[in-house]
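Just one chain is shown here, as structure tokens, and it is the form predicted on its own.
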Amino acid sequence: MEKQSLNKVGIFGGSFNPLHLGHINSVISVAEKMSLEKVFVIPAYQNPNKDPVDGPSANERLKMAEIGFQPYLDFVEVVDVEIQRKGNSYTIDTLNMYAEHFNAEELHLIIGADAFYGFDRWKDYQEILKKCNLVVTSRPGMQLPFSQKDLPKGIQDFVAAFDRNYIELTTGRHIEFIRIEDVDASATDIRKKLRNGLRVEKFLSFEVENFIKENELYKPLDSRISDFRAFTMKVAESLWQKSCIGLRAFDLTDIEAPSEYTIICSGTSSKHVSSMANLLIQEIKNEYGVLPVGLEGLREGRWVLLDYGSLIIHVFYDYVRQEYGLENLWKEGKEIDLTKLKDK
């Protein structure tokens, strides 16, 4: 990167899986409201806070970002530094690079409120608070903090002064909160719509949607899993062999539900739950060549959700399962008889 003479610079990173109008709107809104001269948009190679899911390659996500921000090249530059670096994409590593070219007061890291509330779990977040200012944008369904006690615990000790939309930090930097009109959809929801052939034009720019369709980036998993009932039985058998407890499976094809089939089971500890889920993911990848399209809770091991489109798998730490009573949601579905499986 060449030395640049700019007074206010934004840095906006993310997986962009896919790049949607919420991403574009955030960059435009922050640039306008804060008079940023340049925003560097930086697709991650692998977000360390997210588990890998089935979808486009890093270079395809980069291309989506380049296409989506094409109309805004007068103040936006899409940069492939994290994709070239490979491995887990840590914000601190990228900031260290930009710190060689810009002073800390010039740098503004743009993140959504959803990411902000987990900010104190980021690698070297204390150093990030020294190297740049934070700009936190509102997200649909999420409140921005009202007081210091609403901030992530790791940030609270850095607060020198708190105003409604502005925080002075003891590091000499600041945090600014900006309310924007945003697209009420998550990337997870958009991926699911794309795989199910649903309309997405209000979430994606025409050019990005066209690129996705031309390259078949979010094909339904049934292109690789032809029989989801047989797949459900295969998964149930695999979980049974991993010493799960309370294994149940349901056929939901006759009721309105997010999937056609679902499996629920428990582990005896959070470690057991994470281990079962990890092994299952690897087995399915090896046999069918797919990763889940959605994955939640793998690190915590309390409630792991594996979304394979027409099959959703819930693996609980058993005492957490009792709290939710999830099986009651499917009482109108047909329970699949697993007796023969358990007798093996």
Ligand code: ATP
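For every residue, the number given is its place in the sequence shown, counted from 1. The model shown is predicted, which means the values in this text are computed figures rather than measured ones.
The following text describes the form predicted in complex with the ligand, which does not appear among the structures shown.
Proximity to the ligand in the model of the complex, defined as a heavy atom within 4.5 Å, holds among P140, G118, G246, G154 only for P140. Checked against the ligand in the model of the complex, the residues I264, I175, L107, I111 give one hit for a heavy atom within 4.5 Å, which is I111. Looking at 164-172, 238-246, 186-194, 78-86, the stretch with residues near the ligand in the model of the complex, meaning non-hydrogen atoms within 4.5 angstroms, turns out to be 186-194. The ligand in the model of the complex is not approached by K38, whose heavy atoms all lie more than 4.5 angstroms from it. Proximity of A99 to the ligand in the model of the complex falls outside the 4.5 Å heavy atom cutoff. Contact annotation for I180: at least one heavy atom lies within 4.5 Å of the ligand in the model of the complex.
Within 4.5 Å of any heavy atom of the ligand in the model of the complex lies no heavy atom of K33.
Taking the ligand as it sits in the model of the complex, the stretch 39-66 comes within 4.5 angstroms of it through a non-hydrogen atom at just one residue, K50.
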